[in-house]
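Just the one chain here, laid out as structure tokens, in the form predicted alone.
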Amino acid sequence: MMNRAGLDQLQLGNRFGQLPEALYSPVTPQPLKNPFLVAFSTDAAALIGLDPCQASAQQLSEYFGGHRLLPGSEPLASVYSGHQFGGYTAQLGDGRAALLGDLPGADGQRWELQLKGSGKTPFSRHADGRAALRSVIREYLASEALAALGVPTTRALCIIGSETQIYRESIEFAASMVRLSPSHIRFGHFEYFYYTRQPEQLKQLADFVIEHHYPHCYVSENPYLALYSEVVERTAKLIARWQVLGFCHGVMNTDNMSILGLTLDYGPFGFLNEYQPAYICNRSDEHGRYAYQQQPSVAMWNCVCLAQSLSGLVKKTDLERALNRFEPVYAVAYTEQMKLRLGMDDKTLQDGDLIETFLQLLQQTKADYNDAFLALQQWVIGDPEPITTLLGESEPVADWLQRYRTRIGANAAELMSQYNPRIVLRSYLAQQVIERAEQGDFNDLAQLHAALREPYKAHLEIYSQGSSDSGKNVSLSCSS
């Protein structure tokens, strides 16, 4: 077991600094005015061996409010490019984040610490480099909530508030957040070297990723093909998990796609309330490119962009063959996970039609997506009222329930209790705690975070109900 340390004992390394200098620039976090601790995740702290008892609110505020650097920290901001809403943007980058360094974690792997909202960098593109309190609260809650649901994701260590004023839609207060990840490398990093015609640097980047994150790929005939194949499969499984839970990312640009298959960059995300496959959670997405039902195809398209970037290292035919694994990997992962939500653990039958018909019933009746699984669970144990309330008593519903009954076993209810969360981060729940936090009250934030840490347990009714008007699907802006 790893010994826990205090903040002053966290000795950071600078692994990212081994990469070509063209990929990053040294930066200095800009201090926030009168920083103070808003939230702290003990779960995330445990990943890096940080003892909460040795991390005072004052220390956290000083280190992550831009006033002090952790031992060994050499902050930098990286450059990348990417396809945004389908169009290529030549230069993006860490416009409001500084990579503080990395350190060994309790699980044996190294974790990078990135400070979001740290001020201007060479890649800020005329922006102020700051983050609004509401946006870091949403990412903090979302990343910790998805982690508790078993979804691969970056993590959030803490939120630091301040008296620094910034302008978004109106005057707001700036905040910062420490994000943890084994790596923050994106598809866009590879695109940057490809489109700027730096093949040697691109190869160095690929070697770096293989060495530190996919070392088993070295035994393959072509390690770069092995790397791409695994990224494709990880991405397919990630998106399947999103779809099963009803999670919408909102901004699936290639620069927001993790090379490790993690959920990265929480902007205008949302969980489905009313089941609408065409739900768009991003108000800026006028054409619905990143609608809920589009996420699998967009993820595969993003993998095409990554393949193009690796085309100097891998034959086109091999890349195409690896890419063709996306759809079957996604289909198997999605079906298996949906069957578990429905209480079916027999993998010998496909049950695709049974799943699709259930979703059609949800869409026709405008039922709440996650509530429907909980209501069905009640039906399994002998209480028909919740599912009848949601879906009605039509002949199609009765026919489906009859078919469903023949497919479940004696352990159906137990399975459903393990795979159907009783709480998801609905947009109105996040908004409620944001409004209280903006008034200086962080108690609701802490309580909601505590509930999200244990999503399969019963909580206050306010956390699990999605049928009120405030629980309907909403669209958010990119500054959210």
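A residue's number is simply how far along the shown sequence it sits, counting from 1. In this text the structure is predicted, and so the values were computed from the model without any measurement.
There is another form of this protein, the form predicted together with adenosine monophosphate, and it is not shown here; the text below is about that form.
By the criterion of a heavy atom within 4.5 Å, D102 is excluded from the residues contacting adenosine monophosphate in the model of the complex. The shortest heavy atom separation between N256 and adenosine monophosphate in the model of the complex is within 4.5 Å. Using a 4.5 Å cutoff between non-hydrogen atoms, R138 does not count as a contact of adenosine monophosphate in the model of the complex. Y80 belongs to the set of residues with a heavy atom inside 4.5 Å of adenosine monophosphate in the model of the complex. Between adenosine monophosphate and the residues Q295, S181, Q337, Q84, the one pair within 4.5 Å by heavy atoms in the model of the complex involves Q84. With the partner omitted here, the residue from G409, P396, P71, G95 that has a non-hydrogen atom within 4.5 angstroms of adenosine monophosphate in the model of the complex is G95. In short, of 103-111, 205-213, 117-125, 234-242 it is 117-125 that has heavy atoms within 4.5 Å of adenosine monophosphate in the model of the complex.
Using a 4.5 Å cut-off on any heavy atom, the one residue of 154-176 that reaches adenosine monophosphate in the model of the complex is R168.
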